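Two forms, one protein chain; structure tokens for each follow separately as structure 1 and structure 2.
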Structure 1
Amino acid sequence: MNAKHIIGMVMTVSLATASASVLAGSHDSKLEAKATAIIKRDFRDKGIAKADRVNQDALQAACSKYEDDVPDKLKAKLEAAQAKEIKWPADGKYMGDWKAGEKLAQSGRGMTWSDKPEDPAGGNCYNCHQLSAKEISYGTIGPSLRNYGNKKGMKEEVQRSVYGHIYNAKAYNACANMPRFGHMGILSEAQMKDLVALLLDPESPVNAK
């Protein structure tokens, strides 16, 4: 089964599951279990893309079960568990090179079966956020980050918060769409520091006036 077939199958199953849930007006656990079984049956390891990517952890399972509207008590518990997993920089520094951060934000490479393990992944930030005023193409899934540093400043607590959100956004919002870049090993500590700099450094295109 090639990549196009897999993507088509996932879209079909996802749409079927969503449609059935809407028609039923509630969470359909039997249908979800069947869809999950089909996905696990048909996914295969290929290169660095392993089939275990379809396995959900407790947080993902909860967000699926409650369709992102997780009960407050459980949501707080899940977020606290994620927060404990954040590995803060050993040197206590949160900012790197904004120029490297901009290149990283522009790159959508990485994590596909054809990529090599040693190849660095990109942040793909523009796919979800507006950052630089000069960039005319950007996504709107996430909030605009234009002038983020101008608005938030560069105090240490701000730097730490930005680093934490990049490392694991789900520690702050359990069902956030943002990938857990550090938690899942997508980006290195140095790369995440570069993205913090991109958002906060006054010289960054994000904060250009």
Structure 2
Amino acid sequence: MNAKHIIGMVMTVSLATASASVLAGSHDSKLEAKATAIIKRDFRDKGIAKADRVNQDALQAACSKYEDDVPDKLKAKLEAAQAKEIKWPADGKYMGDWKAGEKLAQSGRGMTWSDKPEDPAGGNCYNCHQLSAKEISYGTIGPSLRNYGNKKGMKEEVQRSVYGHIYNAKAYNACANMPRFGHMGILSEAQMKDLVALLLDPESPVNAK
């Protein structure tokens, strides 16, 4: 292979805009059943990620079927069912230690087949949200939570709502793109309290002026 040959191989990304394909999606239940059967057959256990993870609960199935745009009535029903299962802290306290919360928010670890069973799962918050001004590497799948406490205050109902969102964001918006950290047993009660503090504590870097 000579240099000329290689120059010829330089990647050129085409931005051709051909007409959109007209293959409409369908709510064909026979096709859906077939797709589900294929999924159930074509995945296997790897590390901590067991094959049965592809089995959906009612919420996952509805959000998949409607591509996250569930009809209003069903949406309200799903949200109520999720809300009913939130386990609120027995001591009625929602705020923990923001420093521990920041560590958790930074950690993107957890639940993949390359994670060890003994490795604790992180919160993945920065993967999707802006939080502290200092951290410039943040994702944008979720809204910015920068200055969250400055904007919302620290009243008990605010604390409770933040705890609820972290425990189960789907109780507030059925097909939200945020994991259900409490509902799915990803984070403990104490860890979720630390995250509430990260968002609301005036000393937290999230609220640094």
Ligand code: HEC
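Throughout, residue numbering runs from 1 along the sequence of structure 1. Think of the rigid core as the biggest set of C-alphas that the two forms share within 1.5 Å after superposition. Just so it is clear, the structure is predicted and the values come from calculations on it, not from any experiment.
Remark: the form predicted on its own is the source of structure 1; structure 2 originates elsewhere.
Here the chain acts as two rigid units, and between structures 1 and 2 the smaller unit rotates by 16°. Taking the core as reference, the Cα of residue 117 moves 4.1 angstrom between structures 1 and 2.
CA movement of residue 45 between structures 1 and 2 equals 2.7 Å, with the two forms superposed on the rigid core.
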